[in-house]
Each structure stands twice: as structure tokens, then as C-alpha cells.
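The C-alpha cells that follow cover one protein chain in two forms, given apart as structure 1 and structure 2.
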Structure 1
């Protein structure tokens, strides 16, 4: 007889479950864990003709080039800055609208508006680039058409990097807030009516009910969305930036993030050394950042810690 509680026993009693989980585990091993070995690419002189471990070891030289390019600070600042704004504004907006929507009367009105608010999530980023071009293009863009009709000078938006900070944030929210809004809405619907009834009996007005019942009940959902958002704080939203800005160098000072930089190094300038070292920097920096944030949260309140 097998000893109870041993790993073999566990494998044996649940062999079907393990078999069902196996493809997923293999997928993540190959797709996500295997490329971690490839971090070694950052320390070699890249050569298409040989295997990874036959390439010439160059130590930190690739990182040195990256540092000397002088773009690292700007890229890091842009990447983290945008993501923090996305997380904060995105959550505030989607929680607010979810609450407002949940308090509305009228089944049809609710259904239709909810669908409309979720609609932009269905649009591909390629289409988003069409929309953006539609709005801002110098000759036929809506913005300039309207400005000219009002008797004002047209604006060449594509040469004004500062404006793009707002555009990118706006279109991020436009495209993504409906998604998290529906997730929040789902958890609001899960809150038992009894809480609200009881609060009403106690004379709580609608603001008090929202603040003391709905908002605290959304904590779990918020934490889990935050968890995933933090995981991608150094990457994420590549499509948005790349499709909105493309390879328009004039705008890079405010719109270039690590992801777009790595992609261009790989596909446009074919600078594999730069691309890998930037990627490694991105992963390590992001990971350290999350560990630090997590340990701070753990100190404040253990329940809120991510892991």
C-alpha cells in the first residue's frame, strides 16, 4: 500500500486531474518559462547563424550600449507614468460608472447603454489607428475641419508631442474602461439585496449606501484587477502606443515606451543586442518594482498583499 499523503499517493488518487492540467502546465513551461533562459541573449553578441550558447559572451556590453543611448530614463518614465495613470484613472472611472449604472432604473436603458460602453473594447487597435488618423490628420481630419469652419487655424497635431499624452490616455480609457466596468458591474450584481434593504431601513441615503456597502464589496475585484495590472506595469498596451503613434519619431519624447522601443529595435533597426538588453531590463525592473510594492503593502496590511 502507498503511504498516505505522499506525492505518489496524491498523483495516483488524482491522476485524471493531473492529466487534465498537464497541457496547461506544459504550455506555460514552453511558452513562458523557456524564454526566460533566453535572457542569456542579452549577454552575448547576437549571431543568427549559431545556437544561443555558441554565441560570443560579451558580458554587460549590450547594457552599456543601451545605457549610452540615453533613452533609458525617458523610456522608463514614460512606461511607468502611463501605466500608473491608466490603472488609477481606469479604475476610478470604471468603478464610478459601474455604480451609477447599477443604480439606474429601466432594464432596456441599462442594457443598451452598458452594451454601448463596452463596444469600443471590440474594436481592434488597427481600427483605432484609423479613428485617430480620421480625427487628427492635417488635411481631412475632423479636428481641423471643425477648426476651419469656426474660422480658426488648423493644428498640425502630429508635430506636437505634448498633446499626445492626453490622446493616449483618452483612447486608453475609451477602449478599455468598458471591460473593467462590466467586471465591476458583475460583482455589484452579486451583492445581496438584503444589505441595501437593511441600510434603507436605517435611513441611509443613496450616497451612504454606495459608500458603505457597494464600494467595500468591490475590494476583492479591485485587488485582483490591480494584481494583473501591476504585473504588466513595465509592459502592456504595446498595441495602443504602436498603432496610435507608429514610427513617428517626432512624438517619441512623450510616446515611446519600452515595448515600442524593443519592437523597433527588433523589427525596424534589427539591433538584437539593444532589443534583448532592453527587454531584460524591462522584466527585471518590473519584477523588482512589484516585489517592493508587495512588501510595502504587506507591512501596511497583510490581507492586501499580492502574494
Structure 2
């Protein structure tokens, strides 16, 4: 009977490989796991003059802030609603554009188009806020200047909350879809040409090849990106919302999310316990959602599940 070998034997046998892995382990340990000690702030009464473990333990009282504010449901709905739209439209748009680019024959045109679509990803949210302001400014914005030139009345966009639902979605997609598009394009590039050649020999047209070969081959990439996105579905795009909307209270009914609400509250109360409790609420919600969705995917096809 073979004797079972312990972890020390494993480490000694493959010590070079584990030494190469050590920097990555230390990186995640220092930047991702050690800061998790700060979760304890969610259960104490924060005091600037006291260290973490000497603060008064208050249990779940910090979580009452979000509930008693009366905005928890609205904030949760806005945060989840926007992220669901971002995920669905973002992936559909990215897959569609990636497929169209993969079918282009001109090599240089394909590269230039890909670079142009990817370029907005590097535009900072501060610059984006300047672009948005110059577009929709009531007095000198591009939109109202054009409307006045056409003999029409100017529109005060910053007093119409419902319009900003579409503006935020549009500018998010404009800025971020290029990143996912590149990932899908790389996956398409990895598909063997033999599948397409065989389909051509069987008389399949371009639409049939895309639907029956390309789209199914992208399923695994889509599921992985979906699960990653769902993990942060309760963490809104703070930079996007705050830079575009700022402190305009008129727009909060349709643009306020958990992150922006907590940030504004912190500016008034400086209560780290309340902010941490909101972060814990977001993380637990996202963690639970990942487990549920991954379980559903595993039951449908376990090969596409993360674990």
C-alpha cells in the first residue's frame, strides 16, 4: 500500500513552484485579506480617539441607519437596477460588436476600429463629467445651443430625473463596453477555423455560422464575466454617478445608489461604522447572489460553473 504523502513533502518536492507563487499569495493576503479586519467597524461605535478593538460594541445598530433612513429599498433598487442593465446591455453590445469585428476582412481597418472603441475606457470619470456638463449645461451647453439655433426652447436637463436614467446607461456603455468587447474578440480569435470551414462546406451562411458556432463558443466566457459582474452588483459605479450627478438633489430619486448615499452621509456624520455596515450589506448580498447564480448554472451545466 502506498503511503500518503503530507503537505511538507509536497512543498519540498515543488518548492520552486511555490516560491514563484509566493509574491502573488502575499499580494492578495496584504491587500485583500488583512483589510477584512476592518469589518469589525460595522459593529462598534466609531471614535477617532480609540483604536478599533477598544471601541464600544453596538451590535447591529449601525445597520439600522440604512433601514431607518427610509431609503434602503430605493437605494437597493437603483443599485441593482442599473447594474442589471449594465450587465445585460453591456454584454449584448460587446458580443455583437466583437462578432462584427471578427468578420471584417480588412486587417488595418479592424485594428483601428478596435482601438477607437477601446479608447473611451481610458477616459477618466472627471473628464467624462466635464464632457457631460458641456453637453447639457442649460446656458451654454451643446444641446441647448443647437436647440436655440433651430428656434426651439432650451431644456433644463438637470431638472429632469428620468432623463438621467438613459444618460447614465449610455455613458457607462460608451466608456466600458470596449473592454468586454476585447475579451470576447480574443475568445472568438481562439475558435478553430476548422469549425467554420466545415460549416461552409455544409452550406451554412454567415448568420448560421455565427449563431451555431461563434455564439455557443462564447458561452463560457459570458458565464465567467456574468458571475464576476454579479459579485459586485450591489457596488454601484460610484465615480460615474457622483461625477455626473454630483450633489444635485433633484436627480437623486433616479440616480442615487448606496455608494453615493453613504459618501454624502459620511461628509456630514464622519461615521465609519455606518459606512462599513453599508459595505458589509453590499458584500453579503453580492456573495449570496454569486452562490445562488452559480448553483443554478451548475445544475444546468456544471462545466460552466465557477465552482
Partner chain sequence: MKIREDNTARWFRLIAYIVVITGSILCLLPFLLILSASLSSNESILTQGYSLIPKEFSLEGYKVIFQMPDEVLRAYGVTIFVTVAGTALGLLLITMAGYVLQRKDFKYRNYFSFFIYFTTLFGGGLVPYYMLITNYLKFTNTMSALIWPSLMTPFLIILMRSFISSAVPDEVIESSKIDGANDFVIYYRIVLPLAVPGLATIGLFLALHYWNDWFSSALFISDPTKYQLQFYLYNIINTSAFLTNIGAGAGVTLSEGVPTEAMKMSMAIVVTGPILLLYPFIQRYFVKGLTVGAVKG
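Take the two forms, superpose them, and find the largest set of C-alpha atoms that agree within 1.5 Å; that set is the rigid core. Because the structure is predicted, anything quoted here is derived from the model rather than measured. Positions refer to the first chain, counted from 1.
Engineer: Which number goes with the form predicted together with its partner chain?
Structural biologist: Form predicted together with its partner chain: structure 1.
Engineer: What is the C-alpha shift for residue 30 between the two structures, rigid core superposed, to one decimal in Å?
Structural biologist: Core-aligned C-alpha shift comes out at 4.9 Å.
Engineer: Once both forms are fitted on the core, what is the Cα shift for residue 286 between the two structures in Å?
Structural biologist: In the core superposition between the two structures, the C-alpha of residue 286 moves 3.3 Å.
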